[in-house]
Ligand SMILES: NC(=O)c1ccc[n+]([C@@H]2O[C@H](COP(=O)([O-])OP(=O)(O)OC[C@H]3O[C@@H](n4cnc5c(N)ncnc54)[C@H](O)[C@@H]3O)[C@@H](O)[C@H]2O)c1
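Consider the single chain below, provided in structure tokens and representing the form predicted on its own.
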Amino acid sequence: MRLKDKVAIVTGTSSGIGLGIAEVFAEEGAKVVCVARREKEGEAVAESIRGKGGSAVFVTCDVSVEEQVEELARRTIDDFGRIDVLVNNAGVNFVKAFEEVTAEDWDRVIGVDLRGTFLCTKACIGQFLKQGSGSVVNIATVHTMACMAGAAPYDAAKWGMVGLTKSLAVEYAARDIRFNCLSPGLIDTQIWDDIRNGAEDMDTCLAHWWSNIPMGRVGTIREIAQAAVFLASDEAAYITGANLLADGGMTSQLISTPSYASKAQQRK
């Protein structure tokens, strides 16, 4: 088990990638503190992990609220005596034309995605320093490499997350506290469901996405969770300040062409 007896806080665990990370961390031996705003869904995740023989507790927390984040860290230390891993996954997905973006939209996205990452990290850093170790995995996005129209607040927050990660990696490297980003591409979550449900023609929709993903498929939540395990574990002891892309080759491709789309479709 790569995370045996490590205490890991994972935010945004009520669904999607956060839920998957919590489950796989528990499988790898971690004592998982599941964090979300939605109490019913979040508690169900922790209960499910315990039902499979894992160790998990749930804490209700809005990561954009400082007092709640500080209480999260206190409860974790009170219950487990330490914090080994922090996964900043909680985030707001956001798509809107920039001229329609309001200050409230901006504050909400930045507040959860970037401020939340700052607050959670700030709340844990004292314990990391006391222990002389710690690993932070920030869940970013391929938008940190190449952007799309209609996601300005989201992209700004995620680019800020990468900057924060690299700065802290340099600042704390000599004290054995590591900071890394994990940037997923298109993953089989609610976002992918929404894309398909909103498609006027499914064949055209799939051809578009497969032409932009060299592997010709979306990633699975478990694949992202396994990458998070690696970055959090001692296997990545010499890795800090990295932004690991898990995108099926999406951001490595220069340009998509119909021929590539056809080949990708033939593999399906």
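When you see a residue number, it is the position in the sequence shown, counting from 1. Predicted, not measured: the structure shown is a model, and the values here were computed from it.
There is another form of the same protein, the form predicted in complex with the named molecule; it is not shown, and what comes next is about it.
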Evaluate N212 for contact with the named molecule in the predicted bound form, applying a 4.5 angstroms cut-off between non-hydrogen atoms, and reply yes or no.
no
With the partner left out here, check for me: in the predicted bound form, does some heavy atom of R222 sit within 4.5 Å of the named molecule?
no
Examine E28 and determine whether its closest non-hydrogen atom to the named molecule in the predicted bound form is within 4.5 angstroms.
no
Might S15 be said to contact the named molecule in the predicted bound form, defining contact as any heavy atom within 4.5 Å?
yes
Which one, A157, L119, I139, L72, lies within 4.5 Å of the named molecule in the predicted bound form by heavy atoms?
I139
Counting any non-hydrogen atom inside 4.5 Å, which residue from V170, L129, C147, I191 sits next to the named molecule in the predicted bound form?
I191
Heavy atoms within 4.5 Å of the named molecule in the predicted bound form: which stretch in 171-179, 121-129, 85-93, 72-80 meets that?
85-93
Can you tell me which bits of 44-68 touch the named molecule in the predicted bound form, meaning any heavy atom within 4.5 Å?
C61, D62, V63, S64
